[in-house]
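One chain comes next, on its own, written out as structure tokens in the form predicted alone.
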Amino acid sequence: MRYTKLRKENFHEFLRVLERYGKVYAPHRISEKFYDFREMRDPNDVVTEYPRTVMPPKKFFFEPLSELFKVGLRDFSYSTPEEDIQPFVIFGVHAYDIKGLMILDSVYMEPGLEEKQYAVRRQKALIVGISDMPDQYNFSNVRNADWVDEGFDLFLHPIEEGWLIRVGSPTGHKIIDDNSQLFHGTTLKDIDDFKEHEKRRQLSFPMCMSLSDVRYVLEVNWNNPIWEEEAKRCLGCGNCTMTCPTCRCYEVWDEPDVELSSASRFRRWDSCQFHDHGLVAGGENFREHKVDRFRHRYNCKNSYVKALHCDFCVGCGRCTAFCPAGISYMGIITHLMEAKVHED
């Protein structure tokens, strides 16, 4: 892998350079506590040290609401939206969110089953990652999502003089080569700074445990009382799934125009925590009770992604950090890892 250095005094110019490759979206402070990816208008507004954004980068590829197709009710025509997706840049993506996008890729870009709207956006996007310092909710280390070797074009790591940059794609190489005046060779001191930062970072993670058998632990703890106890606290609001980097449930519905000359089919995000999510024809609901929906999410997030040899949870901590009921995802997982098996 190629390494280069970006000095602090060149950082804002670097952000302006990225605008040549598309509209730049970067972390911005949106309130006293929260951050989110917003369009960059002023490099001074870009935040490089933040725990997590409210919404993960999936919103740029799997849109919260989209039109799938339109049919003519009189001429029986069929058309899909003509989308002119322009190249864009997402700056400041943490490793766990890059891993989350790779997991979504395994679903929406499976050979022969590609989801067109998602695939086009992925091809148009340039990903610039940035190292994060974990807070009390971040457990990406036990999910093997605290470091990535792929899935990005450039990845920035803080060092004393500025940033050590790992180059991860041909596009990343081109950015460095075309703007060589901004970059410098790395020194032994830079490497030492990089190693020291990574050492501090690893020591900052609040958890150190193996979750290699967690999916089996969940299976044998199906009747553990904790599901009923925690489900009573759950508001069923769906915050945990909407902010999750890998949740991908959606619903579709058809909507005719007022003249009944055409109708469109729309898709929007849905949540397995909503009561209506499990409704099927005839009024049956295969997850009628909240405890069933609550428990299902834990089993889903800990199911296996065969293509990437990992679980669907990347340990970003959003589901805990943004839960209005204060339910701790890893608190429940830890309890179950230590619990005895409960029989019927």
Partner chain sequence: MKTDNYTDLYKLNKAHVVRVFDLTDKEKLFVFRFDDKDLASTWTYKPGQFVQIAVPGVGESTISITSSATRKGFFELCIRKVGRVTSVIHKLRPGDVVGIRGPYGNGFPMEAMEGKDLLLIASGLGMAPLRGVFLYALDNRWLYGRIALINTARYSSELLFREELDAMLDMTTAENLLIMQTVTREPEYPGLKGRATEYIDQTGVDPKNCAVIVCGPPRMYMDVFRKVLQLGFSPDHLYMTLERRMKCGVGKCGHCVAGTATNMVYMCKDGPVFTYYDIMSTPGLI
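Note that this is a predicted model, so its numbers are computed, not measured. Positions refer to the first chain, counted from 1.
Note that the form predicted in complex with the partner chain isn't included here; everything after this is about it.
Taking a 4.5 Å heavy atom cutoff to the partner chain in the model of the complex, the contact residue among His173, Lys124, His184, Lys195 is Lys124. Among the residues Asp135, Asp178, Glu228, Glu219, the one placing a heavy atom within 4.5 Å of the partner chain in the model of the complex is Glu219. Contact check for Arg215: a heavy atom falls within 4.5 Å of the partner chain in the model of the complex.
Taking the partner from elsewhere, Ser261 is found to have every heavy atom lying beyond 4.5 Å of the partner chain in the model of the complex. Not displayed here, the partner chain is approached by Val120 to within 4.5 Å at the level of heavy atoms in the model of the complex.
The closest heavy atom approach of Arg201 to the partner chain in the model of the complex falls outside 4.5 Å. From the list 135-143, 162-170, 67-75, 94-102, the contact stretch for the partner chain in the model of the complex under a 4.5 Å heavy atom rule is 67-75. Within 4.5 angstroms of the partner chain in the model of the complex, the stretch 237-258 places a non-hydrogen atom from each of Arg248, Cys249, Tyr250, Glu251, Val252, Asp254, Pro256, taken in sequence order.
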